[in-house]
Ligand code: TEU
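Take a look at this one chain, the form predicted alone, written out in structure tokens.
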């Protein structure tokens, strides 16, 4: 059904971690040509856009989130021509391309920072955040997200620079107008090339307190300060509106922001970056569900708070996994029931109101890999092992088939493939009509066909009490009822709405089964989508 709704509202976005998707040149690292080679698969699956984790030139201290050249592609991923070919081929299939915009910080090897640290009177000195220190010590108590002080002493000029992450990732000074103009110029470079949007990394961290005041202390063991002055500063919204105006120079483009907080999940803060009258970001992530235990009631409360926080005219987006967090199938646990839970979670993600973001491999039920200390390359994992094993366990190569290295590469990959690849892989699941992959494909295509599932309003029916979450999605004459059993027990669903109803999808029962009322029994971990087709 044709829709006039913007693609970023009605579509589905698929996140690719490029190092791990597909290796086209047999060096063990996924690359841009590898993504291009798999576009037909993604089109078959039914996604509408790809978000790429950074592919810009980088020394890879933080695997691409430390950019040294915003205008080029890193050699390990290919060339600028390869990227242009990816855009062209994706657009031919109706697939949009979203780049990761990492502009809270750069690499310490970026030419801007090399100039900035060269002298106190360099024209780019104020493009980064420098301070002379206090009584021979760091300027304040701000901590890096990766541990230790957020300040690094630079002996050449005798001052400290701020780094919210690694010391190789100095923070940009968003208060400097010339720096911002250079960021916007770079954005136009990629937009002119045909990029359809940007995902903004840690957007709520861009602006820091002018007075460099100390953060209040907390009693949390891994983050002993309340980030009052180094994050979430009110001035950031002025700069986001400015950035949005640049994107609005182009037709049909979008922005989505990572609003990361500790404790994770802050729907009100995330929603604030949508602005008023759609003048800031198009979408923002609220990560509340990523940090909730498996429970229908908890899931309901998360989306209830998220929808309530969204300003009028705003639009939610929803996500279960990404490159920084454990994969949802492992996070929701369940032992022998982990796949059943993953199926319920998939139907939930694809049928609640908002734009779904899928993480590569989620569609086949990939789990966190078990990696040894020697396998870990993530700087967080290497620093905090074994208390925290880092992010590599959710970044392992895509499982394409049951051959050596799961079909990702003909040589040893940069991270080991998960040991489950003999059974969990794309090739095997494409040929299994009851597989997780075909569940995703069927629901994605159903969603694309019916506007109520992609654009409609949502009305709760069962709010997670007794382990069942159920809701209506309604758009015009279309009406769907979705029922999700989060438990390992049979559950009764009874909603007083007579009519002719048809099962359009179920994890357990025959498609096109008919009901004359919404009075039914759900099997353990059953997820069902029912469409109203007429009156009695």
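Numbering follows the first chain given and starts at 1. Computed from a prediction, not measured in an experiment: that's the story for all the values here.
Omitted here: the form predicted in complex with this ligand. The next part is about that form.
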Open item on the list: With the partner left out here, check for me: in the model of the complex, does some heavy atom of residue 243 sit within 4.5 Å of this ligand?
Closed with: no
Task: residue 395: touches this ligand in the model of the complex, heavy atom cutoff 4.5 angstroms - done: yes
TODO: Consider residue 65 of the chain shown here, and say whether it contacts this ligand in the model of the complex, taking contact as heavy atoms within 4.5 Å.
DONE: yes
Open item on the list: Can you work out whether residue 388 and this ligand are in contact in the model of the complex, taking contact to mean some heavy atom pair no more than 4.5 Å apart?
Closed with: yes
- [ ] Please state whether all three residues 260, 325 and 380 have a non-hydrogen atom within 4.5 angstroms of this ligand in the model of the complex.
- [x] yes
- [ ] Taking 4.5 Å between heavy atoms as the contact cutoff, choose which of 351, 255, 169, 355 touches this ligand in the model of the complex.
- [x] 169
Task: Residue (of 299, 83, 165, 128) lying close to this ligand in the model of the complex, criterion heavy atoms within 4.5 Å - done: 165
TODO: Determine which one of 132-140, 193-201, 340-348, 72-80 lies within 4.5 Å of this ligand in the model of the complex, judging by heavy atom distances; exactly one does.
DONE: 193-201
Open item on the list: Within 4.5 Å of this ligand in the model of the complex, counting any non-hydrogen atom, which residues from 87-102 show up?
Closed with: 102
